[in-house]
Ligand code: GLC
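Quick heads-up: it's one chain on its own, the form predicted alone, in structure tokens.
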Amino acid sequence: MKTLLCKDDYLAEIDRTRDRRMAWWREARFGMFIHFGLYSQLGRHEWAMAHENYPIEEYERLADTFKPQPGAAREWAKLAKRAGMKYMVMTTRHHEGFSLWDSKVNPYNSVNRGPQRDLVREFVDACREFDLRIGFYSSLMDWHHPDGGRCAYDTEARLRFNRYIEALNTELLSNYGKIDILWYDVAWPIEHWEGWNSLEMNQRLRALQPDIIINNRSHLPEDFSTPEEHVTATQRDWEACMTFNGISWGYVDSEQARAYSYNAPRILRMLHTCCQQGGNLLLNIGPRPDGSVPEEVIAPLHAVGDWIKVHERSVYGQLTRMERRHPTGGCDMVRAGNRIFLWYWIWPESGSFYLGGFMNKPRTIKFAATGAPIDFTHDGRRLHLRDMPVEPVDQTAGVTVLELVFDEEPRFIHANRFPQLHGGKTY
């Protein structure tokens, strides 16, 4: 092990290698989050142990009734691939403290109890079968460990708990081959990176996996930020992690909860913001207690996958980060170099319409899905599209995409509030 760096030198080293390590992630755009654990059996919420004040001994009984079916992870990975996702992140150990692998550090695990199988191994094998990058979620908070709470005020407990957390992650990053993402969560009850020993721990973990990327939830910025339950861009690399229903990460056995589930157009709205503003979407599913995929997520993800298959150039790869731009109501842009993709949420049913703010003329405009050309004129600050169908062309998710190809960098003025103004900032 090489000499550990001070904070400034460590962050500088991370900055120096970030572009190489993050290259695949920046082009992947879309991933699946899996929240699966003992709480799945309760069907209420992944925080049930805390919210409902379960005594540890009572909650532990769930470990012996936890019996996910063999092959469950393969079904998750198959669905992720079908949905157009490029990577997966699974909760290897949530706040409840139950490890889903054959841990020598934590005997409270899925090999000693319940399924008597290494569920992390099954997840890793499934990801590799379907050519998906692999991410491990690792909670820093632990309601089961005796030092999980008192580490906030007891120095010896903090030292023991730090060693425990690092040992768990060392197992995960040592026993399963190449791992792509370490996804920390909830650095509580300690509120500073020094208290978690994050600087030293993360350097030692990176030595095990030199290409790994790490999120920002151990109180150090690391490689990317993680807005939760909102798709909001940050200046650095970012990934919006979103539940499928806006209520719970874990499985919820409720018709009301199912009614809140996202449909394909809403998923594409979130994905669009990520494509436009330089981020990724990590969309969660909470499998049933047996590991099966809830019905309400299957059809929307199939539709999203079918849509992406014919619009992949406006989703994957090196897209040009930009602010929101509205050349007409009901649509928004994604830019890839000298190409602009217009994603239409609401299709103009007029047969002829304008796109405002384009200061230079594109060489061609066509339907992205079919390549069919579109007749248009340009008057110096807007485009007039003629002979357009009155119904949306896309019948998969109702999101039609137009592709504008320019011979030079597209210039666009955002003049929505003051259409009478001809000058202004161009993009």
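The structure presented is a predicted model; accordingly, all values stated were derived computationally and were not measured. So that there is no doubt, residue numbering starts at 1 and follows the sequence shown.
Just so you know, the form predicted in complex with the ligand exists too; it's not on screen, but the next bit is about it.
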| query | finding |
| --- | --- |
| Exercise: residue 185 in contact with the ligand in the predicted complex, heavy atom 4.5 Å | yes |
| The ligand contact at residue 33 in the predicted complex, heavy atom, 4.5 Å | yes |
| Contact flag, residue 76 vs the ligand in the predicted complex, heavy atom cut 4.5 Å | no |
| The ligand contact in the predicted complex: residue 231, any heavy atom under 4.5 Å | no |
| Contact stretch among 326-334, 177-185, 126-134, 152-160 - heavy atom within 4.5 Å of the ligand in the predicted complex | 177-185 |
| Heavy atom distance at most 4.5 Å to the ligand in the predicted complex, all of 46, 95 and 241 | yes |
| Option touching the ligand, based on a heavy atom within 4.5 Å in the predicted complex, out of 101, 307, 343, 249 | 249 |
| Of 145, 206, 86, 217, the one that lies within 4.5 Å of the ligand in the predicted complex (heavy atoms) | 217 |
